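Next come structure tokens for two forms of one protein chain, structure 1 first, structure 2 second.
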Structure 1
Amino acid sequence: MDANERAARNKKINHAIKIIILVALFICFIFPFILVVINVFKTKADITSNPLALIGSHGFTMKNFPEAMQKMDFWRSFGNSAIITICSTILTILFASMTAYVIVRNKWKACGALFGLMIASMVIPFQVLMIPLVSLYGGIFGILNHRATLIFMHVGFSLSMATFMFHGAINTNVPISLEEAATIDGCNRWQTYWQIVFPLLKPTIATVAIIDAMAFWNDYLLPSLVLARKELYTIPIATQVFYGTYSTDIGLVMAALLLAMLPILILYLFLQRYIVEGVTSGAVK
């Protein structure tokens, strides 16, 4: 066997080893999800007797779903989560991009101060703000238990990061000559922004939308502090409360967990490429 042949064979073996490791790791990564999926179609007794069996001895059942749906009030919490996520994301994008624009294009002191404060505030974790937030908005203003309050807070917390990202995008991707041309054609600042600058920010808008929407959808701590009434629960709160009440009814728990995951997994199936790209470009900035 000559050296070339040996090198080729080594390469093949190398490749095969990598694939085997990857597949093994992949199975480890999705094993918990597979477990939920195989147990959700079993009766409670079957799950307890053998959670690893593919099909329980009592056979295949769909009963867990309707019961879990009804008990966690799935559609209502889904609706709450959807409204809150969509409104917060849109508002964040609008306000953050506008703010970034005025900050980039003007060297005013107020802009510098705002931007500096925003950058500095990004290191503050939510746990430092949760107690004063509850005490201010619950104790003094008494406006907890409204979806609008939660949206307001979501927007407030995500503005810094979003403004920072739009700041970078406007700096690098929006040529100032384009804006000057618009001014000469008679656009004022407001028109220039909406007709020239905002459309050019599309890639960053997508990135911010993906990162923030995922964060809003999955957030538990802030919503749980703001929304204490059952009819306002978002999916994470509903899951937490459901588990607290029905933790022994393991079939229902499986169904509830799967239901809580499904919306975002279905979305991921279609938008997978955009989500992976968005998260990467958001993190690397």
Structure 2
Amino acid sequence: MDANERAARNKKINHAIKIIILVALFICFIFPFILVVINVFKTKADITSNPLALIGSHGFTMKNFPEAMQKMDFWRSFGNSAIITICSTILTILFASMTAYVIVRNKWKACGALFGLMIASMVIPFQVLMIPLVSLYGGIFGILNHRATLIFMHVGFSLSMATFMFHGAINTNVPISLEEAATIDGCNRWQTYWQIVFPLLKPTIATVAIIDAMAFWNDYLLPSLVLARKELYTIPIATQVFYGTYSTDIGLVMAALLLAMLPILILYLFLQRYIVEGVTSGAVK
């Protein structure tokens, strides 16, 4: 066996090892989701006795879904989560893209300082701010227990990361010559942004939408601090109704979790082709 054959053989072996490792990691990652799917159609007794069985001894059941929806007031919680997630995501995309555009196209020192402060704020953990935040908005301003307050907080906490992503995309993928041509054709700054710049940011918009929508939809800590009235509960907060002091109905919990995951999974399926393009947008100039 010559050197070329040995090199080709080693390359195949290394490729096979990488595939095996990736498959093993994928199985480890997806296993909790598979466990939820196979147990959501079982009774509580079957889940407790044999959670790994595909079908329980009592057979296939759909009772967990209507009972979970009724107990957690699913449609009200779903509406609250949808309103908060959609409004927060849209506002984040609009504010972040406009902020990034101003910073990129204006070489003012104030823009550089603002961008530096936004990057620095990304390293501050939310847990450091949550007690002062709740004390300020609840004790002084008294504006907790409102969806608008939660939307405002979501936008504030997500704006820095979104601006960072849009900054790279505009700096790399939006040629200044296009804007100069639009100006020559009679467009003002506002028209140039909406008609030229914003449409070119579609991959980054999709990426930010997925990242932020997942974060807003699945967030438990911040809504639990802001929303105390039951009629304002989002889906993650509403699922706590299944957790008792001495027992937990696992079947209902898994049904609620699956119902909560479906909207985000559907959104991801629609926007997945933009994800990689949007993440790498602006990475290489």
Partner chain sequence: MNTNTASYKCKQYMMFAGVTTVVFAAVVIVPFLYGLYLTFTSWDGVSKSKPFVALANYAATFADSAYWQALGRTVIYSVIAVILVNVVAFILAFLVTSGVKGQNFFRAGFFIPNLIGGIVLGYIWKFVFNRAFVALGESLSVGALSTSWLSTTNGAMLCLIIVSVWQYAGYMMLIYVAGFMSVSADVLEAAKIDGCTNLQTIWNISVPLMVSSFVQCLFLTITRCFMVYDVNLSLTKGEPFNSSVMAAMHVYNQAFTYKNYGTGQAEALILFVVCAVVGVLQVYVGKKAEVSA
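As the structure is a prediction and not an experimental result, all values here were calculated from the model. Think of the rigid core as the biggest set of C-alphas that the two forms share within 1.5 Å after superposition. Residues are numbered by position in structure 1's sequence, first residue being 1.
The first of the two structures is the form predicted together with its partner chain. Taking the rigid core as reference, the CA displacement of A53 between structure 1 and structure 2 comes to 5.6 Å. CA movement of P263 between structure 1 and structure 2 equals 3.5 Å, with the two forms superposed on the rigid core. For R9, the Cα deviation between structure 1 and structure 2 after core superposition amounts to 11.6 Å.
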